[in-house]
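Consider the single chain below, provided in structure tokens and representing the form predicted alone.
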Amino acid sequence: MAIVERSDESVIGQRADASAPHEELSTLLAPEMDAVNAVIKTRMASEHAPRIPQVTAHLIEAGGKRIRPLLTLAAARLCGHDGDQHIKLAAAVEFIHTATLLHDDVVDESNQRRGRPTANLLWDNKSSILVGDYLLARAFTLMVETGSLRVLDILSAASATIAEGEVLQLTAAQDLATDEPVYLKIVRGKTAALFSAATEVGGVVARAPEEQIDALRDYGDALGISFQMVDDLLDYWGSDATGKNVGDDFRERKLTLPVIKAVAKANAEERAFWARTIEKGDQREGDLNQALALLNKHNALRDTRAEALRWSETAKTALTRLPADPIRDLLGDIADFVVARVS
């Protein structure tokens, strides 16, 4: 029996109706988002290598909600920006995100993303890696065009942190000694860094007061952590809308937060099970059901959700340091929406 009721609305992008806060924010910022999409379409083109736009379009046009560039636009608008530099920054943020997805699918040997075949499956690993590199280069070009060294510093540092987080995950993901502080470092790297940078640069380009820029950075950091925890949680509940199957992380031997919590409470027999399936990769029929039973026995799913909720609340608390505005309210609603409450 599951510890908590599963909700298919727990992650941004899993509900398409207009009442979802990210959809409302997208509608509110529609002119800017249209401009961002135009920049993305123009800058992903290549005169000499047609595979670049083919691979890029496959992923960018796969139905993602573009929450990260939307956060950049929202932060800039909230802080009173009246120019158009935030358009280029939002496009840069999306290019960085897309590049990391292309690289991640190669590293993880993934076959599916957002319910569709991955680019490395349709083309090959070389194409995914090289197109990802191209998009990173495009992102840096867009950053430079804003003329802000601070923006360049924030987004380049985020790009390095993302790569660092991915490398840390390679060394820690199948090691039962990995604890929650190490997990948090990984999440802050591979997910929260870009959320945080996306919101922070919106405040910087708007020339907001430092306390507002700090608040935006803190909001993005906490939102990104909550987002990743929920993503890890959903792997053991599953949903067609996520493009994942129940237990994908288990089969890929990823030591995510639910498993870390279960391992911390495991007896000798249970620890031997996790060592065999995660560390050694010796997985047999029935092991996933056994893993789910252990996660439920030790309340690992419930406790992971509680942790995600705490980070969601941290994100909303950061917003109280920003000016009252409908956009601020929607950003708070997004933090709630990431971790849908049990009715």
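Keep in mind that this is a model prediction, so the values were computed, not measured. The first residue of the shown sequence is 1; numbering continues from there.
Beyond what is shown, the protein has a form predicted in complex with a further copy of the same chain; the following relates to that form.
Enquirer: Find the only residue in 133, 270, 175, 180 having a heavy atom within 4.5 Å of a further copy of the same chain in the predicted bound form.
Expert: If I apply the 4.5 Å criterion carefully, the residue I get is 133.
Enquirer: Pick from 159, 212, 191, 85: which residue has any heavy atom within 4.5 angstroms of a further copy of the same chain in the predicted bound form?
Expert: By the 4.5 Å heavy-atom cutoff, the listed residue in contact is 159.
Enquirer: I'd like to know if residue 276 sits close to a further copy of the same chain in the predicted bound form, meaning any non-hydrogen atom pair within 4.5 angstroms.
Expert: Result no; residue 276 lies far from a further copy of the same chain in the predicted bound form.
Enquirer: Consider residue 38 of the chain shown here, and say whether it contacts a further copy of the same chain in the predicted bound form, taking contact as heavy atoms within 4.5 Å.
Expert: Outside the cut-off, so no.
Enquirer: Is residue 49 a contact residue for a further copy of the same chain in the predicted bound form, using a 4.5 Å heavy atom cut-off?
Expert: Within the cut-off, so yes.
Enquirer: Decide whether residue 103 counts as a contact residue for a further copy of the same chain in the predicted bound form under a heavy atom distance cut-off of 4.5 Å.
Expert: It does: once a further copy of the same chain is placed as it appears in the predicted bound form, residue 103 has a heavy atom within 4.5 Å of it.
Enquirer: So which stretch, 212 to 220, 260 to 268, 70 to 78, 134 to 142, is the one near a further copy of the same chain in the predicted bound form (non-hydrogen atoms, 4.5 Å)?
Expert: Selected stretch: 134 to 142.
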